[in-house]
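Only one chain is shown below, in structure tokens, and it's the form predicted alone.
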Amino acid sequence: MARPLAGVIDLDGGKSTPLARQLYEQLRSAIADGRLPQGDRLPASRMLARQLDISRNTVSAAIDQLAAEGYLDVARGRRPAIAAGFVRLPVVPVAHGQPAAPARPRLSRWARRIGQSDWPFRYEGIPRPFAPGLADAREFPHDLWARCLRRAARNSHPRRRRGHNRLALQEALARHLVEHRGVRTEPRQIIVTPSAQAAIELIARVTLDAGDIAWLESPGYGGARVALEAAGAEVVGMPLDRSGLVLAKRKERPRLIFVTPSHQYPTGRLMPIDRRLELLRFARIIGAALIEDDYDGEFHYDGQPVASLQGLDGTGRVFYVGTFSKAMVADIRVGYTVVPESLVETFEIAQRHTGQLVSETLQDALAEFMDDGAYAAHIRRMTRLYRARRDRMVQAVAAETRDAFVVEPPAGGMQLVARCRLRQDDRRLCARLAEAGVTARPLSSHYIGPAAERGLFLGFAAWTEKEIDIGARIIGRVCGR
């Protein structure tokens, strides 16, 4: 064995990878594929270092790592031996000159289905006008928020833990939701999650069994559809009228109903009080639960906001979902859900089992941001700003597109729909806009089944009036081609 590792080890000192790592990886590969048979011994570390022209410490580091992982047996005074009983990976024959195809685990039906879904919409690089659902990070009080984060991190201590949902944030949120959104809740009913999407998924896991029927507005929120289908539900798209979900002449008995009554997603329409009461009566009669997604309900521009669906419910069947990412900035993806009192312990256990947990430091920082009045002050300021941007968007799109679209100013929220007057391919139109530098989502992609309307889903909150004017001109130019 003058050269026992010839053709096995080929170290390159010019690479950025350390020599010890190269030696370890090449020996491991040779052992795993059988080029170094079980029971064979390697040269002593001193001899191997001399043969490879490297230091003995480099060899020892590689040998020690392989021994720790079970590839080698080492004993004092004896040369390292290839471990006996080592289970090798099967060698798949590959045609000469052809690279080995990477193995791909079998996908579930759900994974195959979401691969064909339009949601989530994929954007590359920096967000551009008019990406929906984005707050204006340029107007956020970052310095104040940073101070809250620093204090929370400095004051964090294991003995202060009171479960995964911080009481300080639960209390601050409860005060805000009771006063501003008409929600009925005690602090302990608030489950804090990594996002609103996580809250929806958690509710679906707890309330649905495979094969249960779930209703979703159509057009509606694609993320809810993904969460409901992941729980095994049969999702049925429900048609809308100007008041929201149409309940008349429905024979199904859904287990769960998902709605966005404050600003219907994506149309922005407000569900009036009579339709809300009708929906609650219907759910009570058939024994269904409801998810009320109040994703951007903090921003209301015309008249007084209608009380939350959850606040009107006296039977404990409405799950209220909210998020900080819309009211603050997108990077703060903390969401929450208000659950019925009887299900608090169940949700706390489910939250832990599914890992839907939020950093305690982040929760404490949010609690301070709310208790100091910064949260409410920021919402008041941004409401005035976003109202002006909504009005500018409606005017600019109408002026630049020569009435090619019907644009209804939403009563609140952060985005609007420009409906096509002429039936056209809104997906193709969005692709052309993307090439011209404007982001828009096709209205048709929000439907379950055939789309009843075509149009553009446009965000206005994150963009200045100058950016809105420029973007509207681009829309007009592309539509005029």
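What you see is a predicted model; the values in this text were computed from it and never measured. Numbering starts at 1 and follows the sequence shown.
As for the form predicted together with a small molecule, it is not shown, yet the points below apply to it.
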item	value
4.5 Å heavy atom contact, Gln197 and the small molecule in the predicted bound form	yes
Non-hydrogen atom contact Arg333 with the small molecule in the predicted bound form at 4.5 angstroms	yes
Interface membership of Ser308, the small molecule in the predicted bound form, 4.5 Å heavy atom rule	no
The small molecule contact in the predicted bound form: Thr323, any heavy atom under 4.5 Å	yes
Listed residue (Phe405, Tyr265, Tyr375, Phe347) with a non-hydrogen atom within 4.5 angstroms of the small molecule in the predicted bound form	Tyr265
Heavy atom within 4.5 Å of the small molecule in the predicted bound form - the one residue of Tyr221, Phe299, Phe369, Trp215 that qualifies	Tyr221
Stretch in contact in the predicted bound form with the small molecule, which is absent here, among 391 to 399, 324 to 332, 227 to 235, 338 to 346 (heavy atoms within 4.5 Å)	324 to 332
